[in-house]
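Let us start with two forms of the same protein chain, each given on its own as structure tokens and named structure 1 and structure 2.
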Structure 1
């Protein structure tokens, strides 16, 4: 469906104050459609932490309804128009409730130390060069648990635009790297040195997708538990310049 339809649906938004909230139903809708990314308590996961008194993108209920109905274009936050206005209104109320009395989030380590670890491990060598997602707002987008997972088991969830691929040329040379783009006839891959490879598929002997692999190394074992804690709190503090 298109943005135009969302706009039309928005005009039918039920007024939250007139609505009687069936909390059990609201919880069920949230668990089925949101918890997978935002966590059962809204503490986040792949999705943002919703158990906060002030949502960055939704100052009021109308904006919150709008975000849930239409998603956030350009991010992994999907639209939920398919639930219908009533369910979206219910889940809007539920998200507000999650944020009403949140426990204070305690980050596990020391962000200042984490910053040093970040520099010493040359994380920026990939992340500031497009061989990894930008991290300047990562603290808003991801929960602590997800950040920890990214460091210890980066292959657990690899975003589409960093899918690993292995190209085997006609001469048998193998190039492995992150897929930057692909169409029916061509593919563009960057290898670990940052070098760009562009192939016509017809000229390759073989092209493999490596869905279980990540370009990023795991730091479990390489870094101490305390260093990982510090890194997680440093990353959690990356909330953009704004």
Structure 2
């Protein structure tokens, strides 16, 4: 049976027939290849929250299958074609099962208070200027634990697209910021003010990559535990209007 036919039958089958899916094999494939980013229960982490009845990028099983198979270009979601189409089909079914009856997300604080904390720390100053990742859907893409880690220890996991770099010009001037684009000959860096700097590598005196460095400060010790709880709750509520 082809993977697409399997998906078609899965969509049309009554609940009793769907139980014929080898869920243990599907779980093992998911745990080995997906849980590292999406969490063992699909609650998210580095990857999106999958334990929801409707996925923004996948309105049906076939779309979800194609995303898992081919990945999402320009994101951290890699292709999984190497698993084989039947295994990808099993993962598709398992992801749908995770989202069939999701538990409500229980956030630790008050999102309304968290909104005030967000404003008081001028978070939009960086995230709306491209010096940090956009946050309008961060509640879908990151788990509560990951959001808390990003506030308390942001250098623990810096997104690849926000690698910090320091460019030293021929005159000795240093520009530090997040890498926006880079190719063999040029590099573009966004500094903390949102200004874009473009350089030809051959004209630079030095170009340093700063792995483990984050443009975001740690708020542990700056904010109270209650304020961090509130801010986590506010960020978790940012789900793109969903």
Ligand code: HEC
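Residue numbers count along the first chain shown, from 1. In this text, the rigid core denotes the largest set of C-alpha atoms whose superposition between the two forms falls within 1.5 Å. Computed from a prediction, not measured in an experiment: that's the story for all the values here.
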Between 1 and 2, where do we have the form predicted in complex with this ligand? 1
Please check if residue 84 moves between the two structures, taking a CA shift of 2 Å or more relative to the superposed core as movement. yes
Rigid core fitted, then: does residue 73 show a CA shift of 2 angstroms or greater between the two structures? yes
For residue 95, state whether the C-alpha moves by 2 Å or more between the two structures after rigid core superposition. yes
By how many angstrom is the CA atom of residue 59 displaced between the two structures after fitting on the core? 5.8
Rigid-core-superposed Cα shift at residue 30 between the two structures, Å: 2.8
